[in-house]
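Quick heads-up: it's one chain on its own, the form predicted on its own, in structure tokens.
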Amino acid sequence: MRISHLSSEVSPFAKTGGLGDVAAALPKALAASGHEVDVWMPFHLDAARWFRKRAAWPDTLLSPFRVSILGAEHEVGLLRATLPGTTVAVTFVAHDPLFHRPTIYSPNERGQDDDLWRFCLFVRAAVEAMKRLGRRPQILHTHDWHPALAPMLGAWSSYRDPWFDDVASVLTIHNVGYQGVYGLDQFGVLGLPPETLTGGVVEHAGALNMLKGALVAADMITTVSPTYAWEITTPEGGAGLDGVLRMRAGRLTGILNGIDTHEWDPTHDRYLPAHYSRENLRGKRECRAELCRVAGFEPGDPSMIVGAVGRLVPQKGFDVLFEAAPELIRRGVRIVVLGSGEPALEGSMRLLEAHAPRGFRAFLGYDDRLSHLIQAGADAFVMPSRYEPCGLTQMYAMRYGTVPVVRKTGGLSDSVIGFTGQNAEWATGFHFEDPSPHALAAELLRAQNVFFHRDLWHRLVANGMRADFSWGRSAAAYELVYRRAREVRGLP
């Protein structure tokens, strides 16, 4: 099949989180299965910096052309490169006034959120470029709300371009909380027929809602884990769109994300001081000693080391971890955290470090080398997320022999098999239900008790390292979705 992915971010060129990782890894896996795949993204300033750092530049694909939005003409350029280590083409839509900004989702010079305008330009330019290149995909796979205009352009017969007649659309929801909500006065930016607004297709709760429009328009909808696919159809998990998702439940499926098993492999990880495997864990002990050195912990202390890496936001539950930390430290647990985000949570992290430097170490920001070292050097890895569509770091942890302790939600529930005391032959980690400091502390202390029973702990480690989280597994499930999307193309 010919498959084109549209995403606001793609690793390694420009990313803020898991969306960028998936938008790179899934196309690679599909290409490896024999499909003709390419990826489209805006040429963000981050992407330009990525190329400059390597003294390289993408090729010019087409002469600049103009795209009109609300009568305003925007000249765009097309650049092309490949995903590193592959032949998968990445086409960049270049327009400096809208995309060369300090961060991917930066406001304009007046401090206004103009992402609706930016990403509608991206979609229209990408579709026009596909036409000019003579490449019509059989599947147009869009990720989250940013390229949501693409399935909408092809969905409604009163406006649909005949070019879309043999193009089926798939929408993947990476996080239903991000919906692209704007005032109804912005509807004209979409260039859609008026009945899509008056009929309530793109309107929700008195506002323009891009994700809702894409949910109604897409031929198939996926999300990034089976449990999350159910959670978003409930009032508690649907962020206001649960009714729409229930209406389209017959087209909705959850596919657990995979991980890049080449980038994340303790047998040859370039960031680690020593390598290891499930059969020989000696190198993991060396990684643990190096993490202790970097964190300022006593290497000879046998106490359990718990790692955490992520964005410091309420969704990820770091406030729960920080509230539980004093009791955990008092009970001998050592904690190392790498992350950045909300100032209040960054402040809490720094305060904990100041009060307990031998039991808590904070690293502000993000660093690839340190992230890999924490995964390899920690004994356990904690993810107390209030909700988690999929999560990747718990999968990295298991691959690195680090036992995850996670809240039982979304992809964390689907990827980690909680230890009950009776299932040591297949358990891979620990679950807790209540997103509270008490519940988290209780489960981490239960894990610590198992940690000191070395044979049992090593069994959990081996089970996790044996789990298959490769993208090949996930790509096969997406192939079935693509076939289904072509079967139901244009049907209600």
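Source: prediction; values computed, not measured. The first residue of the sequence shown is number 1, and the count goes up from there.
A second form of this protein, the form predicted in complex with ligand GLC, is not displayed here; the remarks below concern that form.
- Contact check for Asn257: a heavy atom falls within 4.5 Å of ligand GLC in the predicted bound form.
- Taking the partner from the other structure, ligand GLC in the predicted bound form has no heavy atom within 4.5 Å of any heavy atom of Thr222.
- Contact annotation: Asn175 falls within 4.5 Å of ligand GLC in the predicted bound form, judged by heavy atom distances.
- Although the partner is absent here, Leu392 sits close enough that one of its heavy atoms falls within 4.5 Å of ligand GLC in the predicted bound form.
- A single residue from the set Gln138, Ser413, Gln315, Ser106 has any heavy atom within 4.5 angstroms of ligand GLC in the predicted bound form; that residue is Gln315.
- This chain is displayed alone, yet in the predicted bound form one of Arg311, His74, Arg160, Arg80 has a heavy atom within 4.5 Å of ligand GLC; that residue is Arg311.
- Annotated contacts: Leu19, Val22 and Glu388 all touch ligand GLC in the predicted bound form [non-hydrogen atom within 4.5 angstroms].
- The chain is drawn here without ligand GLC; in the predicted bound form, the stretch among 351-359, 89-97, 401-409, 167-175 whose residues come within 4.5 Å of it by any heavy atom is 167-175.
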